[in-house]
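First, one chain by itself: the form predicted on its own, in structure tokens.
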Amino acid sequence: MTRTLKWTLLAPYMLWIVVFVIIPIALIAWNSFFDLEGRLTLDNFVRFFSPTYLKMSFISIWYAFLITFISLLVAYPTAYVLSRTRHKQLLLLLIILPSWVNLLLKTYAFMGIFGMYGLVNAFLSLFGIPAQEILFTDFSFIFVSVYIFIPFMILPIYNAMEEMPRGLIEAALDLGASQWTVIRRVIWPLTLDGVKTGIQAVFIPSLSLFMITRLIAGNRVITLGTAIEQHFLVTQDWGMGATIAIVLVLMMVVTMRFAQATPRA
């Protein structure tokens, strides 16, 4: 392939990246240096390091960690079993299918399921249990977030397990290794790249959640994503909203670098 042909094929992709990624990030970075009156300032970054926003950052990271950790706990054995079943393609389709549904529709569906008169409380009433306040709690927020992101954790781990040589597992078992040793010393190291990819695919978007925090958590969970929405759509303080967005981008870059730098087990 000639250099001219290569750049011709790359041109549409590079144009897309420049127009829809680089330029928007540059505009956000530019707006972060202006206050409400349109004056050039660094006050937005100073304000971010106040206790309020630092606490918000900690809450965002904590919830993103919980969502990622629970997703990994569920996704890893699911991917392992899935890679060894006969009808894996059908089951994989059933796992992917919910991700095709609009996020807002899924969120509203869970509002009905977890509501005071929803399916969960209707089921509990069959056993004489009074209606529970499930919606607008930390549990409902984490549950719905895990449900939404878990396909993005399962897929890369499943792909890594599919590419894993089966002969290595059989050889380890023949040499007397226990099932736990095989998982720890053979399967886990060989699927670690898939785990890293899944962690990035879940942790990074979990940092900037805002719609689920509004509708499912009822603003009881305040994250940096919620703050960005508040500043852009309510207070019209675009400078502070852009500053938080830039900090979020930096957090995401650090997360990606950390995941890539993690040594193999």
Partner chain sequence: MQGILRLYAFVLIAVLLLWSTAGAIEKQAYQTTSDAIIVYNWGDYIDPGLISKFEEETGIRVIYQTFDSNEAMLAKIAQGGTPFDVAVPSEYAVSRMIAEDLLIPLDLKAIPNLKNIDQRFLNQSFDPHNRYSIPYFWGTVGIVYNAHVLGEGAIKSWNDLWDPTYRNSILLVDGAREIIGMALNSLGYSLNDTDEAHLLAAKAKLDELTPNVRAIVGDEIKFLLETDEATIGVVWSGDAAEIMSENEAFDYVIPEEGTNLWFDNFVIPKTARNIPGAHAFINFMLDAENAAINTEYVGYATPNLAAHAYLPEDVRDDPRFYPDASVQEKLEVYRDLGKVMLGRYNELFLEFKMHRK
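For the two forms, the rigid core is made up of the largest set of C-alpha atoms that agree within 1.5 Å on superposition. These numbers were taken from a predicted model, which means no experiment stands behind them. Numbering follows the first chain given and starts at 1.
Although not depicted, the form predicted in complex with the partner chain is the subject of the following passage.
Within 4.5 Å of the partner chain in the model of the complex, a heavy atom is found for every one of Thr4, Lys55 and Leu215. A heavy atom within 4.5 Å of the partner chain in the model of the complex is found for exactly one of Ile154, Val146, Leu82, Leu135: Leu135. Listed residues Leu40, Leu36, Ala26, Val46 were compared with the partner chain in the model of the complex; Leu36 is the one with a heavy atom within 4.5 Å. Only one of 87 to 95, 109 to 117, 67 to 75, 122 to 130 lies within 4.5 Å of the partner chain in the model of the complex by heavy atoms, and it is 109 to 117.
Looking at Val202, you'd find every heavy atom of it more than 4.5 angstroms from the partner chain in the model of the complex.
Interface membership of Leu9, defined by any non-hydrogen atom within 4.5 Å of the partner chain in the model of the complex, is confirmed. Heavy atoms of Gln230 reach within 4.5 Å of the partner chain in the model of the complex, making it an interface residue.
For the chain shown alone, Ile61 is not a contact residue for the partner chain in the model of the complex, no non-hydrogen atom being within 4.5 angstroms. Core-superposed comparison between the shown form and the other one: the C-alpha position of Val254 differs by less than 2 Å.
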